[in-house]
Structures are given as structure tokens and as C-alpha cells.
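Shown next as C-alpha cells: one chain only, the form predicted alone.
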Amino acid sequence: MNFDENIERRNTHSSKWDMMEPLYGVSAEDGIPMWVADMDFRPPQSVQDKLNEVNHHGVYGYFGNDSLYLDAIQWWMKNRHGWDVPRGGIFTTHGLVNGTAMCVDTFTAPGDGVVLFTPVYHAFAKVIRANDREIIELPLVNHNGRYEMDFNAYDEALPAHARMVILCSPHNPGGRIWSIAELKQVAAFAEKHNLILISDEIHHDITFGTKHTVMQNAAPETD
């Protein structure tokens, strides 16, 4: 990928650029849109080539063989993160938010509490409310500019109707890449309080050299 190529995206129906002024009052001529996870770079050439191949064929019907797709996921998670993902454990959704909403809807009931370590990605709160569940905020501790968890306080603050906890790992917006010890604490907390643990690890490859640990590998004993 060429990170030095400047691609003009203003007035191309790009939400992050064209909706910045209507929503936030910041002109796209002056501002830098950092409020949507949308790259301003072209994809790798291999991706472009494959899309061009499909486009050249000209028929966009139902695709019946996802073996290469599943192979790629298994290969990446094994080689990048040391996680042997079972093929049957891969489930495709329309994105992180959709997948989280499906988990909330499936594994909790209206009125149940869902725990968030806040501040955290705003869409989690939106899907919790949309499913008529209650948000339980357990605040992270800002210790000299570094977000940390306080499980002694969380144990005391957790209400009885809590049924699920959603962890953001690596953390958005705090940037923390949780240590194995911290991940084990989260898993132990969920097990102690009989909470279903959902681990959002969508940013696991944006770590700037620091190693991310998959929750399944950090605490396999609490599977």
C-alpha cells in the first residue's frame, strides 16, 4: 500500500469528509476527519486485482464457495495471533456492531444489564439501548494518562441483573492493549458474576509493535 498517495475524497459521498461540517460544524477544507473508521488509502494491489477479476466477469450472483475465505481467517489468526480458530467457530456478520447486537439479542433478555468499561466505543451503548437492555457503566481509572481497570470497585458496584460484559480489546478510545494478566482478570470477573463475555478485538492488528493477546488464549480455562 502507498501511504504517501494523497487521494481526494471530498465530494465523493464519503461520510467522514462530506458529513463533517453538517454534523460538527467543521469544514472539510480545514478539518481532519478522525471520527469514522474509514481509510483514505487504496487497498493492496492484490485486492484490486481480485475485484477487477470479478468485475470483468460481469455477473454478481450468489457465491457458493467460502473455503478460501475461511482458510485466510484461520491462517491469519494462527500466524498473527497464535490462535487455532475452529472452522465451525467462524460466523460472518455485517460488521462489529451488527455482531455485537446479535450477541446482546441472543444471550440476554429485555431488562438485563450489560456491562461496559467506559469510556468506550459509543455504538455498544446504542445497540444495548436498542435491544431494551440496561447499560451498566464500570468506569476505567485514568492513572497518569493510562486507563486501567479496578475490579475491587467493580465487584461492589455490579448490580444483580447484570448478564453480559463487553470488553473492547485493544481499547477504543483509550488505546490500551490489555496485558494477559488484565485479560485474565476480566475473564475471572465474568466467571465470578456469571456474565457472558463478549470480546471485541477488531483492532487487534493496530498495535504499533505491542503484542495483542486473544482473549481465548489469555484465559482458555474460562471457556
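From 1 onward, residues are counted along the sequence shown. These numbers were taken from a predicted model, which means no experiment stands behind them.
Beyond the structure shown, there is the form predicted together with a small molecule, which is absent from this document and is the topic of what follows.
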Give me the residue from 136, 77, 97, 125 that has a heavy atom within 4.5 Å of the small molecule in the predicted bound form. 97
Looking at 16, 212, 203, 9, which is the one with a non-hydrogen atom within 4.5 Å of the small molecule in the predicted bound form? 203
Look at the stretches 164 to 172, 48 to 56, 64 to 72, 190 to 198 and give the one with heavy atoms within 4.5 Å of the small molecule in the predicted bound form. 164 to 172
Does any part of residue 147 reach within 4.5 Å of the small molecule in the predicted bound form? Heavy atoms only, please. no
At the 4.5 Å heavy atom threshold, is residue 83 in contact with the small molecule in the predicted bound form? no
Heavy atom of residue 157 within 4.5 Å of the small molecule in the predicted bound form: no
Find out whether any non-hydrogen atom of residue 37 is located within 4.5 angstroms of the small molecule in the predicted bound form, and reply yes or no. yes
